[in-house]
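We give structure tokens for two forms of one protein chain below, kept apart as structure 1 and structure 2.
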Structure 1
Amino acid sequence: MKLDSKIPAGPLEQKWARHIAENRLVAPNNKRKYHIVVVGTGLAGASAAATLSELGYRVTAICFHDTARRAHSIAAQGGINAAKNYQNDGDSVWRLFYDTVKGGDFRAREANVHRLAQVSSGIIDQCVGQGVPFAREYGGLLANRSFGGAQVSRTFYARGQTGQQLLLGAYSALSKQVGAGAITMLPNTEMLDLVVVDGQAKGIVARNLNTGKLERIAADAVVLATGGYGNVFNLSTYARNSNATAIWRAHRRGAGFANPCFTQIHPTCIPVSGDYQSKLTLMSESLRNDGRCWVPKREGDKRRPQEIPEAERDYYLERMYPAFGNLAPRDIASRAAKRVCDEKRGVGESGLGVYLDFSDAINRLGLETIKERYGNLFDIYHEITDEDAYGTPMRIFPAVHYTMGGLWVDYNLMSTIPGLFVLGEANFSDHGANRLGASALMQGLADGYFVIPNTICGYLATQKPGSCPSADGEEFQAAEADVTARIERLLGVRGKRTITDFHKALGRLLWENCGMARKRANLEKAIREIPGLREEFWQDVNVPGEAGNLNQSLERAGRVADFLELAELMCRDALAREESCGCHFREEYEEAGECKRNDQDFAHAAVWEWQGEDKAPVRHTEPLAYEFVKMATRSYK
């Protein structure tokens, strides 16, 4: 596997402009001769499909949702970063770039991140032009808020629904093009395989989820924007149906998978309340501005929080990180919570939770102020837990939230399979080992609106116009046959255990062994056990129904089957990365409880190559050269 990042030469600030200037173009009258299939219509996919079609390419966009507007991006709350410096507080492209690189614990590619910071400003212009109702000041200008990991206010937001509004903006651009007949939109359609012809991605096989019909779609290039794979853990803040199938199938067809183990765990989520739980709900990080995290000092203390006197409480974040206290970054706060729960001091029925206590803030600022600031969050909490957080402390626990890993892409966002481009959370590119808040939305839209339209032309220019293969070609037929066989196999098992059973079992295994803290023995154990679970799945899973119509069980089964393979790769990656960095915390590599990076041996992206079922994948590396910033140690003490 050749990993050429294709980073343009020259000074950091000029790389992108030069790349655009020097990249090969496709003539306007030739553009319509190229067909691009975009898989996924979240922020990244919808923006890409709309923009590519505006340029004149023929575009087919698919998503498994019933409409493009429902992608998981819709759930993002906090906001989107951009180096506008509207606040005049010292922000700049460089600062956004540096914060992101540092936040990612120096495991991201400099050139990509810098480009991201450069185009960030255009994203806001674009969204405002579309009518996204961002929050505003009384003077009519845009408002900003500050977010974790930054000392400037550069986050744009639309109430607590930023992702929704940005996605609706991208969806409206998409709708405009669909309405004009320039995009063929296929909702309720799930990509189940990638078709590679002569080493290049030339199409997909997808299933119409309403009719069960398989479709072969041929294209000159394939763009995957299928989101993250955090649902491999079963319980996460992801939408229930987010999955890894598209990128996993592409991986099996030859696309390198980079840093699969980099998973972000968000510290403030509502804890699991029972085995039936299907989803974890994120509570805004802003709660930590006024809430104090604590657990009882004594192990197994089951008293009600009000009955535990001040002296017997451990405000552990304030104790461990006096400088940042309750505002320590996500990964650090999450691990600290895990640590105190491991010490059997966790609260709630399950013992997996810590208190987030507002009583001090209420005493200091008054109930009204707290209500005003967080009223809707307290309401959500009340709705879910039936507890009144004004009277009793909230219980929170970390939950899987984002995956920095994904398909490896070069500077052009092209994977190791020529013609296969990967955007948004599905790729690995910009966040290194840890993503800062409000950067995922930025990256998704940067990729879709500004990067891909300027990079895909370079590839297409190498393809003869009209050379797109027929969807009846043998590779397509073979891929469809594979898909059919797999579906039949799933439906043929008719075993006893439910799909839910397997997903839960996998999730527990992964959470315990490859979650917030990892260590060799655990990872090795998981690598031993996952294949067993996988085998059992294929022997004992019960997938009811048929292939020829809407069958939700079949959909889920296919996704869980892929998770069962991906999970093993994540553990292998975590095992091989013998350092701690960002969200990847190996207990063997720590210094006073903090990450101990090993830049000597691991300043690289680990890229895995599929070797076939039951064969160990091969690990390649792309070295990360830091030419413009100095690698430093992150410290929040």
Structure 2
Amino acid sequence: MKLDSKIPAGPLEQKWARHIAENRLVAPNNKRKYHIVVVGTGLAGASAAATLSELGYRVTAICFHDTARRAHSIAAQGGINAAKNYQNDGDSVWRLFYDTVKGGDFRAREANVHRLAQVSSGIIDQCVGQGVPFAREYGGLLANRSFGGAQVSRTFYARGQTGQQLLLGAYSALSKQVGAGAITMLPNTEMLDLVVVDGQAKGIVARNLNTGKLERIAADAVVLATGGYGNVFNLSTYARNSNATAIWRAHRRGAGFANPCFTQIHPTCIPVSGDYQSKLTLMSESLRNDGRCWVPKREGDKRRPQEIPEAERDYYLERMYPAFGNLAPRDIASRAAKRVCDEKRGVGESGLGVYLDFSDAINRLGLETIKERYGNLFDIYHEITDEDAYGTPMRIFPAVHYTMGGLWVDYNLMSTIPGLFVLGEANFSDHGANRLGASALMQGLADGYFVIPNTICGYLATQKPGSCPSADGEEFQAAEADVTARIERLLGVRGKRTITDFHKALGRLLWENCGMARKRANLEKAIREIPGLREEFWQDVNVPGEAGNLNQSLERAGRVADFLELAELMCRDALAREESCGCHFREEYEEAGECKRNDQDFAHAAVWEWQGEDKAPVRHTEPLAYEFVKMATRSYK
């Protein structure tokens, strides 16, 4: 497997402009001769499909929902970063770039991150032009607030529903092109395999989720924008249908998978309340602007929060990280919460919780100001817990929230399979070992609106116009046969255990051994046990129904089968990375509870190559060379 990052030469701030100027182009009259299939219609996919279509390419968009408006992108509540320096507090493209590299614990590719910071301002202008209702100051300027890992206010927001509003903007751009007949939209359709012809991605095999019919779709290039794989843990903040199938099937066809163990744990989630839960709910990081995290100082103190005097409270983030306080980065804030709960000072019946208290902010700013800033988030909390967070502190605890790992891509966002491009959370490129808050929306829209339109042309220019293969070709027939065989195998088991039972068992195994903290013995244990669980799945899972109609059990079984393979790779990756960095915290490598990186041996992206079922994957590396910043020990104290 060859890993050529294709990073342009020259000064960091000139790389992107130089790359655009030197990249090969497709003439306007030829663009309509190229067909691009975009899989996923969240922020990255919808923006990419709309923009590529507006440029003149023929686009087919694949959405496994009934509408693109249901994408998990709507769940990003708190905001989107951009280096506009509206607050005049010292922000800049360089500072956003550095905060992102530092926040990722120096495990991201320098050039990609700087490009992200450069195009960030254009995202805000684009979205304002679409009518996204960002919050504004009294004088009319767009408002900003702070997020973790930064000492400036650069986060643009629309109350606590920023992701939804941004998605509606991208959806409007997508719908305009669908209405014009420039995009073929296929809703309720799921990609189940990638078709590779002569070593290049030339289409997909998809299943209509309503009818069960399989469809071969040929294309000149394939764009995957299918989000992250955090549901491998079963309980997470992801939408329940979020999955890894598209990128995992591409991995099995030869696409390198980078840093799969880099899984972000978000510190501000509603704690687990019972085994009946199907997912967890995020309370936006924006709440930590005004909420203060604390636990009782005394072990086992179960008094109501109002009964615990100020002197007996431990505002642990403010104590541990005085420079950043409650806005410490997510990985650090999550481990701090775990630490105080391990000391038996956690709150709630389970002891797995900390308080997020707004009483100081309400006294300082007034109740109406807090309602205006966060009202819908407080409403969500009330609906789930039946508690009034204006009068009683919220209870929160870390949970799986985002995956920084994903398919490896070069500077053009192309994977190790030529013609296969990967955008947003589905790739590995921008966030290193820990994503800063409000950067997911930034990356998704940057990739879709500004990056892929300027890079995919370089590949398409190497393909003869009109050379798209036939969907009746032998490679397409073989891929469809593989999909059919897998479906028949799932339906043919007719075992006794439910799909949910296996997913829960995998989630517990992964969380306990490859969750917030990892160590060699636990990772080795998981690597031994996951293959056994996978074998049990294929021998005893019960998938009711048939293939030729609506069958949500079949959908979920296929996704869990992929999770059972991906989980093992995650543990192998975590075991091989003998250091602590960002969200990857190996207990053997720490200093005073903080990450101890090993830059000499692990300043690289780990890229895994599929070798076949029941065969160990091969680990490759892409060195991460920092020319313009100096790697340093992260400190937020």
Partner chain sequence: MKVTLKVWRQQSPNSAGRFETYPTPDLNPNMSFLEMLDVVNDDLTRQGKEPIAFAHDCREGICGTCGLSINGRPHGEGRGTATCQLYMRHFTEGQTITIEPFRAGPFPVLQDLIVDRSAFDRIMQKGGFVSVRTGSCQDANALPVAKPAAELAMDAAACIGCGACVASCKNASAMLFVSAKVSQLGLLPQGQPERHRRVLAMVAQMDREGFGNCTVTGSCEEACPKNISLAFIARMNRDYAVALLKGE
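Computed from a prediction, not measured in an experiment: that's the story for all the values here. Counting starts at 1 with the first residue of structure 1 and goes up one by one along its sequence. Here the rigid core means the biggest group of C-alpha atoms that line up within 1.5 Å when the two forms are laid on top of each other.
- In this pair, the copy labelled structure 1 belongs to the form predicted together with its partner chain.
- Residue displacement note: residue 402 has its CA displaced by under 2 Å between structures 1 and 2 (rigid core superposed).
- Annotation for residue 198: C-alpha shift under 2 angstroms between structures 1 and 2, rigid core superposed.
- Residue 524 shows a C-alpha shift below 2 Å between structures 1 and 2 [criterion: core-superposed Cα displacement of 2 Å].
- Core fit done between structures 1 and 2; CA of residue 381 shifted by 2.8 Å.
- The Cα position of residue 297 changes by 6.4 Å between structures 1 and 2 once both are aligned on the rigid core.
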